[in-house]
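The chain that follows stands alone, in the form predicted alone, written as structure tokens.
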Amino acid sequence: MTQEQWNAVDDYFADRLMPPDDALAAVLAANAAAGLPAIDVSPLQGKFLYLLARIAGARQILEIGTLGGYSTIWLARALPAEGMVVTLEADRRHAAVARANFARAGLAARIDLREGLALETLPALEREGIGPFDLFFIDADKANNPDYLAWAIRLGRPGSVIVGDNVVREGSILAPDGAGPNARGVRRFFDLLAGEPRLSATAIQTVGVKGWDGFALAVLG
């Protein structure tokens, strides 16, 4: 199989399962105009997150890694009227683009964007008594994935759903430690998933417009 074929299959699915969405198209256009890296989840992956949040009956969601807010908007759309997404973004420029996108999508009141390094803002959430969260989406710097997972366990509850994105990285997680801090972070993330008795987890490889990658899915017991 080739990337062209993967793209064609994704296009086929999207054509049948996802009607045109002007608001989400505007988010991607704004992100591109601002020069943000094109590393958002795909439309089909965004819908997958939306469905997961709906299935979980999520009312409070924590996202680590906002970028331009594309995945955030998918998650916020899944919430009931009183629900809230807290999303953490380290880059001030990315955060500014995301805030404009949230306002344009009419979801600013349902999204709490926190600027700063996640490992500094996560303790603040705990101090403020925010949570427990029903669903976590971890999609930031992979080197700190083990710490983000530890915080998800700390800020979650029995039944909380944890999604870790980009865990295959074109197979680089099988490379020696010299593969770089991102691959090493993902491997440590899996060590924690495997060794934490409160978690039941699996991982799925994916192909499509985002290439060869995958995600981990866990439930906190």
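One rule holds for the numbers: they count along the sequence shown, beginning at 1. As the structure is a prediction and not an experimental result, all values here were calculated from the model.
Beyond what is shown, the protein has a form predicted together with a small molecule; the following relates to that form.
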task = Among 97-105, 77-85, 137-145, 123-131, mark the stretch whose residues have heavy atoms within 4.5 Å of the small molecule in the predicted complex.
result = 137-145
message = Even though the partner isn't displayed, in the predicted complex is residue 118 close enough to the small molecule, meaning a heavy atom within 4.5 Å?
response = yes
message = Residue-level contact is defined here as any heavy atom of the residue lying within 4.5 Å of the small molecule in the predicted complex; does residue 152 satisfy this criterion?
response = no
request  = Answer yes if any heavy atom of residue 34 is within 4.5 Å of a heavy atom of the small molecule in the predicted complex; otherwise answer no.
outcome  = no
Partner contact for residue 41 in the predicted complex: the small molecule, 4.5 angstroms, heavy atom = yes
